[in-house]
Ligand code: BGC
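Before any questions on binding or motion, here is one chain by itself as structure tokens, the form predicted on its own.
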């Protein structure tokens, strides 16, 4: 069957390849689930893997099938699978467990091991192919009524985890009732974080460089949040106008902004870093000032990456509620469809060249 893959470590090696057709029997104990791929989302991670910034092939292969944002339909199940049935719409988690205690209790996104396993990213093949097989523990059912949001399940899980972790860790305060949130970045993660925070009742300011009106600002305002162009209103001016934030979700992909966000955090606040940045950028940091403010202000900096099954389920519930509260808004994120695996070059071109592409996804097959 066809698949889109790269040769890890070799820049610009994305290509179409043939790979063995998986079978339900590939999973032991009758617990296999065969999924027909319908759509796959791609993002900056896939672009960076093709740039050879990171990523490794599974053992025994010289290529890595990319694509970690899956949406498909169950084709068949093993005799001991009761959780799913043929015809179910599904998505699949990305991380797979290693050997640490965190991996073994289902929090494999919190592994304490240096080596980690992620489908489509590191040491496990991804979903940008025609079929995949996995265990039901890693496959999450998607309600039929949310099928129009298809590939947003995985990015939503990441946003849901990041914000959930912020609220979890703030239990240290016994009572924490955040009122104001800043979301740094209006890409797909920033927009989905805006939705989650609005559903929690916060006043949300979503910051991006470019002025509106544009699609990003339309979506932000559709959620009842405030779109702020930093070209028009720098972060410092926003803070002077509305005060510091109780929670900041940083999702720009820019390490300088990640550090600058520390200055905008209020007392007892939490700053969540979600960006993954490569390169060797350096920036000036007012370290003495930040040190004393974070210590005396009981402020917290939290890193959040990836998600486990629990967060996928949280994200799907928030997507459902958001689609009811703000009908027609979230699907606007799905901007750039590409038809067929064979059009992988157009897929990659959009990721590299189209700065207005909020969500690039590949239509692999019909249900």
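Positions refer to the first chain, counted from 1. This one's a predicted model, so the numbers in the text were calculated from it and none came from an experiment.
The discussion below concerns the form predicted together with the named molecule, not included here.
Novice: Which single stretch, out of 151 to 159, 245 to 253, 132 to 140, 262 to 270, brings residue heavy atoms within 4.5 Å of the named molecule in the predicted complex?
Specialist: Selected stretch: 151 to 159.
Novice: Within 4.5 Å of the named molecule in the predicted complex - does that hold for a heavy atom of every one of 14, 47 and 345?
Specialist: Spot residues vs the named molecule: no contact at all.
Novice: By the heavy atom within 4.5 Å rule, which residue out of 184, 94, 163, 195 makes contact with the named molecule in the predicted complex?
Specialist: Selected residue: 94.
Novice: Can you work out which of 103, 203, 88, 118 has a heavy atom no more than 4.5 Å from the named molecule in the predicted complex?
Specialist: Result of the distance check: 118.
Novice: Heavy atoms within 4.5 Å of the named molecule in the predicted complex: does residue 276 have any?
Specialist: So residue 276 counts as contacting the named molecule.
Novice: Is residue 54 close enough to touch the named molecule in the predicted complex, meaning at least one heavy atom pair within 4.5 Å?
Specialist: Looking in the predicted complex, residue contacts with the named molecule include residue 54, since a heavy atom lies within 4.5 Å.
Novice: Using heavy atoms and a 4.5 Å limit, would one call residue 336 a contact residue for the named molecule in the predicted complex?
Specialist: Close contact is absent here: in the predicted complex, residue 336 is far from the named molecule, nothing within 4.5 Å, heavy atoms only.
Novice: Would residue 318 show up as a contact with the named molecule in the predicted complex if we use heavy atoms at 4.5 Å?
Specialist: No, residue 318 is distant from the partner.
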